[in-house]
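Given as structure tokens, the chain that follows is alone and in the form predicted alone.
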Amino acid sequence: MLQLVLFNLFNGLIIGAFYVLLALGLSMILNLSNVINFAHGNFLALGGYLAYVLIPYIGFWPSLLIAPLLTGVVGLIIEQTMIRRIYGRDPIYSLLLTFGLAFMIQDACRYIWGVNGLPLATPPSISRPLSTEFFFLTGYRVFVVGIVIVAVAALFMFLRFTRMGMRIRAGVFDLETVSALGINVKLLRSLNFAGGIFLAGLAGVLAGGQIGLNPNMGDSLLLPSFIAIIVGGMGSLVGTLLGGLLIGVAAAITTVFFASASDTVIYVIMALVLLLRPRGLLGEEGIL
């Protein structure tokens, strides 16, 4: 029984790590640009497929960095050609645009790489179990947790200690004042959007090595990532981090005792948080 609980707990931690990366990117874009990016899960899939293309030529380790960067570049191009045209409008416009964009990216992946699942090759050195007793504790899973910790720490350091990060945080508080101070708000939004998409691409590469690739792989992660933002609190990246881990682990633990309720518990947590603390666990408008 203990082994089963630990197995599901660690699975929940891994899924929660994917939620965290996806939700942090969503939160960055939403906080600064007020854009509801329904195509975020499809950028995740795109990052995984780009790594699949690159690995035979440059190997897994360079692909882990280059594939998310390329995904971020694609996001930057889309932001400059499509997304920026709806800034300042009702959020329903961003919802409709990104909803259509999601289908476009998904169909493009399906056309190029097919509808069937594809394996993403990971180095044999990190693919083996670390223990015969705890067979589920593989080097790759530990590696995923480590990479997510490093990525989240790097994001928070960027936002706290770099000039661009401070401008993004200030823009969340009051974008008009930031613009009045002579800061290029268009560039700020573009780089912030690309950064959010980079995190989605990184999640795609890591998730591809764990669950494989398919054009719909981001769909099952997208809605829980939105819920993680709501649970953690709108405007709070720390809250988003907490929310992603909370719902991932809660769903996994529920699977041990009541498997059919593993998805339901996520919505129960959201409902309880909204009833007891409507702004989320750490939510406060305009706070990163």
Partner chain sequence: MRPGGDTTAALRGAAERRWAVLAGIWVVLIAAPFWLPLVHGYTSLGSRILVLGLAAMSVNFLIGFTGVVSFGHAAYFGLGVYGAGMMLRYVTASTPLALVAGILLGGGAGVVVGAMICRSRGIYFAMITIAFEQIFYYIAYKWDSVTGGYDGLRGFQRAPIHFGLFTLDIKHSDLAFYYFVLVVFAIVAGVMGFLLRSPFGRTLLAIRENERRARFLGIAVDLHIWLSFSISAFCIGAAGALYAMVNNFSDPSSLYFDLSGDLVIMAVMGGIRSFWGPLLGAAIFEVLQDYISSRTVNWLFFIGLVFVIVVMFFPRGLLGMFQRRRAA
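Residue numbers count along the first chain shown, from 1. Keep in mind the model is a prediction, meaning the values are calculated, not measured.
What follows is about the form predicted in complex with its partner chain, which we do not show.
- Heavy atoms within 4.5 Å of its partner chain in the model of the complex belong, among the stretches 197 to 205, 69 to 77, 83 to 91, 116 to 124, to residues of 83 to 91.
- Although the partner is absent here, residue 227 is a contact residue: one of its heavy atoms lies within 4.5 angstroms of its partner chain in the model of the complex.
- At the 4.5 Å threshold, heavy atoms of residue 158 stay clear of its partner chain in the model of the complex, well away from it.
- With a 4.5 Å cutoff on heavy atoms, residue 249 does not count as touching its partner chain in the model of the complex; it lies far away.
- Its partner chain is not drawn, but in the model of the complex it has a heavy atom within 4.5 Å of residue 38.
- Though its partner chain is absent from this view, in the model of the complex it lies within 4.5 Å of a heavy atom of just one residue from 64, 234, 245, 256, which is 234.
- Proximity to its partner chain in the model of the complex, defined as a heavy atom within 4.5 Å, holds among 238, 53, 58, 223 only for 223.
- Here the marked residues 30, 110 and 275 all reach its partner chain in the model of the complex, each with a heavy atom within 4.5 angstroms.
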